[in-house]
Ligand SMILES: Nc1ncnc2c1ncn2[C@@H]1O[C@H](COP(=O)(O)OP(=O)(O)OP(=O)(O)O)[C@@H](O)[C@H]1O
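We begin with a single chain expressed as structure tokens, specifically the form predicted on its own.
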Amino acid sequence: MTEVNSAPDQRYFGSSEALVFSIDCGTTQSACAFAHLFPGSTPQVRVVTKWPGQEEAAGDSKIPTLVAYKRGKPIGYGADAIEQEAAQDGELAKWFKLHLHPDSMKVVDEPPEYGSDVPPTFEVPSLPTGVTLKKVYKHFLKYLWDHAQSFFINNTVDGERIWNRLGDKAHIVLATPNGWDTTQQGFLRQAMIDAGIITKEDEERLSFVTEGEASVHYALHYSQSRSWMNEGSMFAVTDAGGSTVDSTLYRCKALVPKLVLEEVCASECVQAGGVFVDRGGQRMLNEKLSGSKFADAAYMNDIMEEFERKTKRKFDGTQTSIIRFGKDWDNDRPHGIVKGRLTLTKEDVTTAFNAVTPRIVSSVSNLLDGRKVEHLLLVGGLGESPYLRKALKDTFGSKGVNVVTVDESTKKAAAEGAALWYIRQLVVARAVRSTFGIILWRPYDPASFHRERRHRAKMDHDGSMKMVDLWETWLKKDHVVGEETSLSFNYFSIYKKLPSDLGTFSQDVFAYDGEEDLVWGRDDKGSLAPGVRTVCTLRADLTGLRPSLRSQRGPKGEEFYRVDFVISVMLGGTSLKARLNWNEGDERREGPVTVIPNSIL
């Protein structure tokens, strides 16, 4: 098999030796990977394959995303968390990643209940008593990091010396769902600081990459892409994970001297991952065993564990499934239990998959419809499901789309792919998933639509009337943004009197998840318009602009002071950045702008 990293253009051309670690903190399973980089060499990405409490599963690259707590203190992680919870009568933090999802991702793709206009949302398990989401992430990320560090030192030749030389400068990449943005990135960055993994002074060591983009690096690394990819060709990657299924469409821009990709349109992100198959299975089993003594929680926990571990992963839609959970004397023939074995028909198990398969197929259809796509690369834990693979092949095979799975185990795709992303940087342009913009004031125009909200108009410091709450679009959904893409916006601050302190500039940045064109960013009561959410705030200290302050006269002759400046927003890459620019005489000055993510909690 020809691997991408065997080509000459896959060498690492950084200027110095370095370490990179990547973390995929998934809904049900997590993983870590790393690479030791030398200039001019072809890096090898390695995955952490030994986790405490999983000694019997040699080579297992995944750890359950679980933390056990007792009285607010962590007492176990991963597989060990299950034992500690039972042994010490603790509480389990599970599926806590779901708490971080934005509201737009918490809506289930199902019709509202009768008599309601509110779309249903999926249930998010509560956190242990007295434990915040910040604490859970702080504890779990610290555990992953400490063990990845230990694994590197103990499983690398001269590992301790290398770590002592490079460890405090190691770059860290976190893989996140396609539907997350600056808000979630800010939360995770603070969790990494709270855990002592990075500091505010060296937070540039931390990068983010979407799970979709990490997965394309992984898939191309292990697939024979050179045999089917041509310049200008389009292909899709679907990462079916624990909670989200992320699908992205790429176009090959170049093959030589290196492979270059760009996103074609906004990626798809749907709540249809493995946990929702589990929930579908739970509902099916509750109905099937209703009235049986084996519906007791103790039995059901064992049955569900077997369903998640074996049945879900092996089912292809054609076979009867057997769940072994009890002893030879455990019988209930009316409910399909004989000698501790529960028999499930193919219709039974299909019911569990019906909760997600149509959503995944619909999501991929939205991406592919009307476009000439020949290959769909399927990765992720749920991507290994024979049933899902068959459903996708049945749907898209007749349309000329070849559904491809890589030879390697894909359950570690996001972790390994995130490290490959840092090294390769194959994607040079990304499509915006939402419309981004700001809410601003403009001169009031009584002859325009402004008059419908004239009661909201306000007097500015320069004596003019301004219309508030107007929406201004920065980037529309599906707009393709290159690595170097930036936008510049002219701003000014007005002061009634000569100020001793110019204060701080602050601008909220918003995302709009709707499809219709937006005119007002807020309703007539001042609340955010439907579909609009705060992403982050840009904040800059204007103290250095004092020499640029100018005296002016308003329409009634009143004196005021004004300072002009430019905010440049860098939109390329995987994180938003900004700079402050202004003129001081004939010189162009520049200063920092802090990007403050919207608070989740």
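In this text, residue numbers run from 1 along the sequence as written. On a predicted model such as this, the values are computed, not experimentally measured, just so you know.
Form predicted in complex with this ligand: not shown, discussed below.
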task = Tell me the stretch among 486-494, 373-381, 201-209, 473-481 that has any heavy atom within 4.5 angstroms of this ligand in the predicted bound form.
result = 373-381
task = Evaluate A214 for contact with this ligand in the predicted bound form, applying a 4.5 angstroms cut-off between non-hydrogen atoms, and reply yes or no.
result = no
query = Is the gap between K62 and this ligand in the predicted bound form 4.5 Å or less for some heavy atom pair?
reply = yes
query = How about T534: is it within 4.5 Å of this ligand in the predicted bound form, going by heavy atoms?
reply = no
task = Indicate whether T28 is a 4.5 Å heavy atom neighbour of this ligand in the predicted bound form.
result = yes
ask   = Though this ligand is not shown, can you say which of Q84, N178, S243, Q185 has a heavy atom within 4.5 Å of it in the predicted bound form?
value = S243
query = Considering this ligand in the predicted bound form, which of L220, I172, M192, V275 comes within 4.5 Å of it through any heavy atom?
reply = V275
remark   = Restricting to 308-322, the residues within 4.5 Å of this ligand in the predicted bound form through any heavy atom are E308, K312, R313
